[in-house]
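Just the one chain here, laid out as structure tokens, in the form predicted on its own.
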């Protein structure tokens, strides 16, 4: 059976009070639309259409060519938005799953259960429902005397009795694609809102087609995210779920309620994560690593037995047995070799270091390729920017760089070099050399009295 999906992501999301379109808003640093597309893909759907409108280029930049796009030029309701996919899907057979783009917690297992229920029941239309203790804001499921669904009534149109109904419409549907678009064209414009409600397909298809329901038990799976309060709730559900799964697989978390792990992060067993740590993006952490406290990693690759604490790592790699922090910053594809020490207030940007290299404190390493067994003294800097362009520094093996040294790029420091403290090095240094680039010290006897006036002594008298 061929499977299609239509994801409605054209809304502005005015209640979010953000410049981003709602479906692009991040949940644990990942756009919510991306969660939905990933889980739909994993469920075996062949053809995914995302309906976009407001700031469509933002959604397109996130999803790229993974999906096809339909455009809703005017905001005329969910029925009108779904109809925008007609040109792409009108000739398709099989089942079409319709989803909302602001439902980031819908998972692969739930989607598969919906599709399986739709197929096994031989329904033409399956409406996904849930029972909420507080159904405020949701359309209500109306059933006939035999318990069959007969209509969906939006809350604003409900009678007082209908408002007491706990079973709600989630906004998820599975439908035989052969009937989808001809049914959508029968939806009439709501006189009060001036919109075409997708929910009207239930009333239209009843009698002529087989219409059934599938009831969700895990209500949070179908929660809509319409404001920043809902963003926080969704993040808590997702964070707790991810942390529990990791702990059951051997990841030790100290104060897990303070730890945030992203949806695509992969962490092996025998890893310890300390409090106030955030790991997001496509990060991986290997066995034996200790991360945190007070650490943030985004798109980082952390190898075995690495220790990181009080530090920031973005788009960078740290190899085996290296120690990062406290207060280190790795960014822009920094690649730290094995058995390194990147210590207090050291920043590494777009640079690689070889094995057994150390920058223990107060250093900047930018646009640099560093060999093995290199020591950066306190206050050492690779000066990569001349005010207009960035330049490269190359450092060989077994190099000692003294404290407060400036290496003015472009420059090459070859193997077995010793650079004296306080040097500003502007020329290449050949292998085996001692480089000293500083003015000779001059002491002028008895001269300080002209510069510093001694304070009078009071001998303890007031």
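Residue numbers count along the first chain shown, from 1. Only a predicted model underlies this, so the values are computations on that prediction, with no experimental measurement involved.
Missing here is the form predicted in complex with a small molecule; even so, the following discussion is about that form.
The partner is not drawn, yet in the predicted complex one stretch among 134 to 142, 382 to 390, 178 to 186, 206 to 214 has residues with heavy atoms inside 4.5 Å of the small molecule: 134 to 142.
The shortest heavy atom separation between residue 119 and the small molecule in the predicted complex exceeds 4.5 Å. Although the partner is absent here, residue 5 lies well away from the small molecule in the predicted complex, with no heavy atom inside 4.5 Å.
The small molecule is not shown here, but in the predicted complex it comes within 4.5 Å of a heavy atom of residue 199. Within 4.5 Å of any heavy atom of the small molecule in the predicted complex lies no heavy atom of residue 336.
Screening 283, 95, 78, 277 for any heavy atom within 4.5 Å of the small molecule in the predicted complex leaves a single hit, 78. 152 is the sole member of 259, 106, 363, 152 with a non-hydrogen atom within 4.5 Å of the small molecule in the predicted complex.
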